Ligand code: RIB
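Read the single chain below, which is given as structure tokens and is the form predicted alone.
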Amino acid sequence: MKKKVIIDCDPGIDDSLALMLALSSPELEVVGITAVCGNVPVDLGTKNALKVLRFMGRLDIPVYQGADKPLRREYISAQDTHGKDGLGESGLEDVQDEKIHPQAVEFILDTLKKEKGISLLAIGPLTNVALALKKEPEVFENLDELVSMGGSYKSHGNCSPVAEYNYWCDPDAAAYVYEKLTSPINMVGLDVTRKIVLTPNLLEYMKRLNQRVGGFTEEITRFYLDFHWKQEGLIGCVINDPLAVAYMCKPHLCQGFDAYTAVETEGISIGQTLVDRENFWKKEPNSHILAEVDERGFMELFLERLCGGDVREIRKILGQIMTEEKIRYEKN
């Protein structure tokens, strides 16, 4: 059976690729998209979600606009990473005559009330989820699972020495969700997402498989590639969010462990995820922390679903591309 899923996001380049993957995955039925401030201001992220839906021919899926600021701290976008428009300054036209629905929090709550077995895929800051949980915590008993792209276990941060951006952007929301949600959170953090690198060779191969999808991907990721080169000396870009989608579809692609996790909300470590793997605090686990990933298995799934083609041929080509590029990346 398909998983019915609400995607809470802040598009964002890698969010857009995640939406494309989710809409191409037979395991998932996307019942709605909720936008939150994060990579870009929420009104811009909402428009970007519609642009992706237009490209995928899925404007039938409703898009809801949510929180325009974090629970407590000042909002700081990641437009230095994703471009002023959030899509690599690609200049894609807005979708015309499409209604943007307000009240993303209410949509989340109403959907959970109407039916059990709904999954939440949160690939932006957890502000919308926290607001919904604060308002009507009892309806989350109907939640099947929460998969959150955010945090880190042993990896260094991407916006501070210790913090991943989604949780750093709204640490109070992340802390509240980890503390109050009664079902475990699947944390897809930097320890695994940092291993998912879209390189120029892979982009070129995408265009060979499917010029339309490959060209669109190249258009929105060019800015992202430049950022990673300037910031990290990396020839390629880390695409965090699609891994959360892949994990929801194929959990065997990642391995992890259960632990109690807290999120720091103050000081120089704001946004850091404190993962108590050794059970020092003697608390019941509230999270499943992903620590290992089959990066070639992910890329095989990503390319086959977005671009089509023979999976055996894709596997063969990836065997050539990714072996060479993984060695180069690990040396760096």
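Counting begins at 1, following the sequence as shown. Keep in mind that this is a model prediction, so the values were computed, not measured.
The form predicted in complex with alpha-D-ribofuranose is left out here; the points below concern that form.
**Q** Spell out, yes or no, whether the shortest heavy atom distance between Ser152 and alpha-D-ribofuranose in the model of the complex is within 4.5 Å.
**A** Contact with alpha-D-ribofuranose, no.
**Q** Within 4.5 Å, heavy atoms only: does Asp241 come near alpha-D-ribofuranose in the model of the complex?
**A** Yes, Asp241 lies within 4.5 Å of alpha-D-ribofuranose in the model of the complex.
**Q** Taking 4.5 angstroms as the cut-off for heavy atoms, does Tyr178 touch alpha-D-ribofuranose in the model of the complex?
**A** Result no; Tyr178 lies far from alpha-D-ribofuranose in the model of the complex.
**Q** Can you work out whether Thr111 and alpha-D-ribofuranose are in contact in the model of the complex, taking contact to mean some heavy atom pair no more than 4.5 Å apart?
**A** Heavy-atom contact with alpha-D-ribofuranose at 4.5 Å: absent for Thr111.
**Q** Want to guess which of 156 to 164, 103 to 111, 128 to 136, 199 to 207 is within 4.5 Å of alpha-D-ribofuranose in the model of the complex, heavy atoms only?
**A** Careful reading of the contacts points to 156 to 164.
**Q** Have a look at Ile123, Met187, Ala174, Val245 for me and say which one sits with a heavy atom within 4.5 Å of alpha-D-ribofuranose in the model of the complex.
**A** Exactly one residue meets the criterion: Ile123.
**Q** Within 4.5 Å of alpha-D-ribofuranose in the model of the complex, counting any non-hydrogen atom, which residues from 52 to 91 show up?
**A** The stretch 52 to 91, when checked against alpha-D-ribofuranose in the model of the complex, contributes only His82 at the 4.5 Å heavy-atom cut-off.
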